[in-house]
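Next comes just one chain, in structure tokens: the form predicted on its own.
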């Protein structure tokens, strides 16, 4: 894949300001978050509208057109439990800067999201799980193979399936962290792309510790072969780490101004 792909996580209905903006279709708070993330170095923006059972189609259509219209067709990840809303968003999506990402399928009840991505020539984030957290990496690999085989049967390019190992909370699951990193290496050794909600690992930690832990995790994960992550790009320490790891991995050419790129 080359340069690490940062998917900005901050347009999310769990935020009171974003939820209110989505409820009233007020573009300003959403565009403000988009601008902050893009200026910080995000490649994609995740647009999470939540379940959106009643107005998902209208809301996702509006969000895609609003954000892409304001920011030169920035590529987006469409994130909702409403499959019709994702399809509607793809219907108005401009692909000039990158394919849409469907967030996300798994090997269980969400397998249909992979079909949706295949039918619409989209990238799909594929969680290596079926119901809850896999017991071990053998189980993760079983689900990865199921998802990969289904994607290939549907005619997808393997590069368009971005496998998510499931980043786990360190507080309470500290002993599982190396399993996640080792599985990222397994994904990489198969020549496949990977991503995931990396900041899950620091959930519940004090605010001043989270950027330190997230930066350490992203460095170790990139060394293991992680090709993308869903993160807060406004975390300066994290983004400096990502950009520095990209240099060390020779993903783009060093210049003294590399942190400004």
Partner chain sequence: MPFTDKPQVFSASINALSFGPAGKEVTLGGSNVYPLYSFDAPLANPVRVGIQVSDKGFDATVPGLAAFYEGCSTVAEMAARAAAAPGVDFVALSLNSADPNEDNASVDDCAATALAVAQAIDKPLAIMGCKNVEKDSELFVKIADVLRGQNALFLSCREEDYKTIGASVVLAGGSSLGGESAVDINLAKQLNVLLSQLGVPTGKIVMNLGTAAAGYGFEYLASTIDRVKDAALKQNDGMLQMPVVTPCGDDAWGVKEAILEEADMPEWGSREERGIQMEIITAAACIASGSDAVILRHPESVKTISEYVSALM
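Residue numbers count along the first chain shown, from 1. The model shown is predicted, which means the values in this text are computed figures rather than measured ones.
Below, we refer to the form predicted in complex with its partner chain, which is not included among the displayed structures.
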Inset, instruction - Report whether the minimum heavy atom distance between residue 251 and its partner chain in the predicted complex is within 4.5 Å. - result: yes
Legend entry - Partner contact for residue 121 in the predicted complex: its partner chain, 4.5 angstroms, heavy atom: no
Inset, instruction - Could you confirm whether residue 157 comes within 4.5 Å of its partner chain in the predicted complex, counting heavy atoms only? - result: yes
Legend entry - Heavy atom contacts to its partner chain in the predicted complex at 4.5 Å, residues of 203-226 in sequence order: none
